[in-house]
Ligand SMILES: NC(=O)c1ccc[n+]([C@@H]2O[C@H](COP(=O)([O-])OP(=O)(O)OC[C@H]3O[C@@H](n4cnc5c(N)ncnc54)[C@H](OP(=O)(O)O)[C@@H]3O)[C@@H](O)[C@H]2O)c1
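First, one chain by itself in structure tokens, the form predicted alone.
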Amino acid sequence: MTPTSSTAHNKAVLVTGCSSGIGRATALYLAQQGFTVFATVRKESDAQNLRDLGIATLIPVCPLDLSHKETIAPALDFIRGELSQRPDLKLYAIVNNAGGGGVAPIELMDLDRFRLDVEARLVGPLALLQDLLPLIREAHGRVIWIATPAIIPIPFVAGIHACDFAVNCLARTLQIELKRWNIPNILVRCGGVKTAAPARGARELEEDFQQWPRERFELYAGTLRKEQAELSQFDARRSEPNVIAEVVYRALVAEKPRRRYQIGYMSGVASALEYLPQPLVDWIMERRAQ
């Protein structure tokens, strides 16, 4: 597809979490392919960085922090204002990407951090969808959710995977609820991808080691150190975020998109485990954690 392709002509896509990683790569790639992209970021410095690229079809939306609801309404007003100035432009899709999470045993999870993650990954995206769905319905568009294959229990990343598990539920439920209008809800299920999150998560974990109650940390210390080493090896094999961007593009332009796409390091293994009986999967994961 070329940037002048009619596939993307007069179609806008809202991509969340575009300061780095998957969101940034996706926003740039879609803009280069001819979509008008509303790229949300939390910081003005990140918005200016996107403006400095000089891509006319790339429109930063700032600030939008989905974990802080007071930023959502002004961002929506901005998007609607931009669309009203371009009568031929239709909001065709939302790509839900923003969010994060950390590594911790459930017993030691920071509940305030987890609460923000839930807001960013679940509540915030639903607020966007509830407001913008009439525009997507009018454009005969679609909704894309970027998540991990989270139907399997992986120790110490429940804060991440619990949200992704819920994203799977939301996307599949919306697929049923919106079927009468033919609005696909598409899951792009990622394995390991190179972003800033792993390095940030490693720093936060080291800080948590110092802050957690010593007697409780010692209960998990050996296993967590082993997990650290395995994560370091995993991080070295992560896929580039551009491969996710290309899959998102294919999902947007396909006449009949698949309900699920899997991409990224080890995504196939994680997805395959879903087809096994849950007791067997639990046993496999328990053996892996020993």
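One-based numbering along the sequence shown. No experiment lies behind these values; they were computed from the predicted model shown.
What comes next is about the form predicted in complex with the named molecule, which is not displayed.
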Exercise. Could you tell me which one of A104, I136, A120, I186 places a heavy atom within 4.5 Å of the named molecule in the predicted bound form?
Key: A120
Quiz prompt | in the predicted bound form, the one of L58, L66, A251, A47 near the named molecule [non-hydrogen atom within 4.5 angstroms] | solution = L66
Quiz item: Can you check whether L128 is within 4.5 Å of the named molecule in the predicted bound form, heavy atom basis?
Solution: no
Quiz item: Going by a heavy atom distance of 4.5 Å, is I79 a contact of the named molecule in the predicted bound form?
Solution: no
Quiz item: Does L219 reach the named molecule in the predicted bound form, with heavy atoms at most 4.5 Å apart?
Solution: no
Practice problem: Please run the contact check for S20 against the named molecule in the predicted bound form: heavy atoms, 4.5 angstroms, yes or no? | Solution: yes
Quiz item: For the chain shown here without its partner, which stretch in 204 to 212, 85 to 93, 168 to 176, 187 to 195 has non-hydrogen atoms within 4.5 angstroms of the named molecule in the predicted bound form?
Solution: 187 to 195
Quiz item: Of 130 to 149, which residues get within 4.5 Å of the named molecule in the predicted bound form if you count heavy atoms?
Solution: I146, A147, T148
